[in-house]
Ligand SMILES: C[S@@+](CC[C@H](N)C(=O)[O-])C[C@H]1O[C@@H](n2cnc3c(N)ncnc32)[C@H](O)[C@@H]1O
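Take a look at this single chain, the form predicted on its own, given in structure tokens.
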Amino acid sequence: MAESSMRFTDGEAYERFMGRWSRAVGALFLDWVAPPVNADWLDVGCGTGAFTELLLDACAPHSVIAVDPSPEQIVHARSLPVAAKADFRVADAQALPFPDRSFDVVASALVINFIPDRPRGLSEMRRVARPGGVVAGYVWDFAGRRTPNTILGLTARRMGVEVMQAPGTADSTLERLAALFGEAGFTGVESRAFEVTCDYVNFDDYWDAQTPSFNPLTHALNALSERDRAAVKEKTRAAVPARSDGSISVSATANAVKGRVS
């Protein structure tokens, strides 16, 4: 199956799409990583800064630099209160613009699978981490079809819509993430799955959040006739777990990995 290409160019739409999920998984992830206080952090692929804000609140860091390849995401993050506590910059995970041994903790939230050259990206994260430092990240379980977008994607596919595979799907399993970290030279590599649930006010809230303009699935849906698009929407409405008050509850699984720099 061909992989999709995704460029996150709308900060507000991305926040609606993934912000609540990043915070929900991020809290569990940070407890598991158990980073030291007063550490120098690098947040790789920070997006709108949702995870950056979380680590600032939970981890008492000495400093935080957050990078993302999308200028639009960085502009959005810099407009938020979190920008007073973190240094947001445009940068590529495959060529981090920092000297060797610059950070105590290097974290990557919902990003590793999107790095085109994952071994190179992990090599860069290892390079900029100090000896004894930790590098960690988590991604959605795309291979196991346990993502926030899975219900909509499966419904669309069953109705004949061409739904492309997410980038790096094969590397989203616990086994592959651990293997990638081992191959990159990290020691004490561990991996763990986290299941989280997020709520939506109603189905329209869920639908709007899951169909941002930058999502290839949204493009596929927009290419349908109005009748077929409405049919996919109604089939999805029937598939999502709704409460008596109309609110929606959706679960997903994130696979996490961490390792140390010797």
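Note that the coordinates shown come from a computational prediction; the quantities given were computed from them, not determined experimentally. The first residue of the shown sequence is 1; numbering continues from there.
The following text describes the form predicted together with the ligand, which does not appear among the structures shown.
Out of the listed residues 141, 171, 92, 104, 92 is the one that sits within 4.5 Å of the ligand in the predicted complex by at least one heavy atom. Contact check for residue 35: no non-hydrogen atom falls within 4.5 Å of the ligand in the predicted complex. For the chain shown alone, residue 66 is not a contact residue for the ligand in the predicted complex, no non-hydrogen atom being within 4.5 angstroms.
Taking non-hydrogen atoms only, residue 215 never approaches the ligand to within 4.5 angstroms in the predicted complex.
In the predicted complex, residue 42 stays away from the ligand, with no heavy atom inside 4.5 Å.
In plain terms, the part of the chain that comes close to the ligand in the predicted complex, with a heavy atom within 4.5 Å, is 49 to 57 out of 200 to 208, 215 to 223, 49 to 57, 230 to 238.
Contact annotation for 98 to 112: residues with any non-hydrogen atom within 4.5 angstroms of the ligand in the predicted complex are 109, 110, 111, listed in sequence order.
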